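Take a look at this single chain, the form predicted on its own, given in structure tokens.
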Amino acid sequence: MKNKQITIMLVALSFLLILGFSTQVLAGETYKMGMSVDITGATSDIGNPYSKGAEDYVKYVNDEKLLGNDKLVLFIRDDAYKTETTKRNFEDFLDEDIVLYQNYSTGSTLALRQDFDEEKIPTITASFHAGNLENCNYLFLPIASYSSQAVGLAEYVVANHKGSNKIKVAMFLHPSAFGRGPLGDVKKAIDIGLPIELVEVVEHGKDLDNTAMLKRFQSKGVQYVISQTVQPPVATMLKGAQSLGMAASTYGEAGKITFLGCHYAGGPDLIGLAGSAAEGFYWTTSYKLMTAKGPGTDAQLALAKRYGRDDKLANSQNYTNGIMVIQVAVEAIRRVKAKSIKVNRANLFEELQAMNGYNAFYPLTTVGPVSFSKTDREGVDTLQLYVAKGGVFHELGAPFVSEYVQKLKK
């Protein structure tokens, strides 16, 4: 009798062990990531849709089981655009044993890039400052840098300028590393033959009146202004130019000023801020806008609807931006899993560096493929030019890669 009881207990114990093992297998692994982002600070108009895009795509990955039975967790913390807060957030995320990190601002990225290398943690940043990549191996830019964008815009100016007069350009920059980043590369492009004259460089303040600056530009014969900043100061400048009758009604109109801008200087929200003054503003990014119909934009609108987002958020390029950085991370995880090796920092880092050539990643949220290597950690090289017409940004021409950017990279 005693032996029979022992046998029953052993069978029951074996069943419980098997059941526990099966439950563990079904539950799968959990992969943790961290994101520090400005939700309440100076650039919350960008950080809010960015964080919502990231949050929604993580929900989608888990709801649709894109990683099988494995689960993705993204810790999102507000840093209010303060570097010291970002640093604390990052340290807290490390305690959670994250496998990949998503940073936000240029200032905090520059301040923490040595920490990324010391911790050997692959990091994707919302800042496209080319200088982020200097003396840092673990950082990845999702799309073309601000420098690539500004040089690409200057190249477009040259290619489409009418008339034989010298092409005079001014740059309107944010007073920070984020704003100043492209200046050096634009000057280098000029040094190797880009035929423009950089007449003036202005780092804007918080002024609500740009009259003196605009009149100065006009007196110096400036015909094009390239902006590398955020939308509010650009909106102020455009409204000032409109009220003074200085804004070009057609591209390169003689005696008037044509305005252009890099990623964070434009987009649908600029039209909301500047109204009709945004008409004719030329803008570049590597992201697809919702006006460019196709499977990628259809999927984004469906995602936003699925998780209860309003139309403004659904159409924001910064919502797209937040989706895309998670897409890249998920694709790296998927590729590591496909090799039946552990999803950890080291293997994700190696997989990101191998994302090129036939292994490039096509996320459909961008106008070109994501391509990284050991020597190139600037993601999508391709740019799309957009122009504001009738209160909407429309594609202008085909996606392009800047000839002078390629020369500068050699």
Partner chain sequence: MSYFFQLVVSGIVVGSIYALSALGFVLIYKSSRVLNLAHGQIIASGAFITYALTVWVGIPIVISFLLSMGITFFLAMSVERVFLRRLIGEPIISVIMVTIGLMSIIDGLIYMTPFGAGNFSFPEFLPKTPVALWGVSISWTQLVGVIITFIMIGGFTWFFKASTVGISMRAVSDDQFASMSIGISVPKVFGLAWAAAGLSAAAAGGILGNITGLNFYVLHSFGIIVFPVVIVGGLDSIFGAVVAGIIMGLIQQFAAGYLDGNWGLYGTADVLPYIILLIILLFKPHGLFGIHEIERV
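Positions refer to the first chain, counted from 1. Owing to the predicted nature of the structure, the values given are computational and were not obtained by experimental measurement.
The same protein also has a form predicted in complex with the partner chain, omitted here; what follows describes it.
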Just give me the single entry in A235, V222, L112, A304 that has a non-hydrogen atom within 4.5 angstroms of the partner chain in the model of the complex.
-> A235
Interface check vs the partner chain in the model of the complex: of S176, T291, N135, S243, the one with a heavy atom inside 4.5 Å is S243
Just one of 138-146, 104-112, 272-280, 326-334 has heavy atoms within 4.5 Å of the partner chain in the model of the complex; which?
-> 272-280
Is E119 close to the partner chain in the model of the complex, meaning a heavy atom pair under 4.5 Å apart or at it?
-> no
Look up in the model of the complex whether G255 has a non-hydrogen atom within 4.5 angstroms of the partner chain, and give yes or no.
-> no
Quick one: is I39 in contact with the partner chain in the model of the complex, heavy atoms, 4.5 Å cut-off?
-> yes
Evaluate K239 for contact with the partner chain in the model of the complex, applying a 4.5 angstroms cut-off between non-hydrogen atoms, and reply yes or no.
-> yes
Does the trio D209, K215 and K312 actually contact the partner chain in the model of the complex, every residue with a heavy atom within 4.5 Å?
-> yes
Within 4.5 Å of the partner chain in the model of the complex, which residues of 164-203 have a heavy atom? Give them in sequence order, or say none.
-> E200, V201, V202
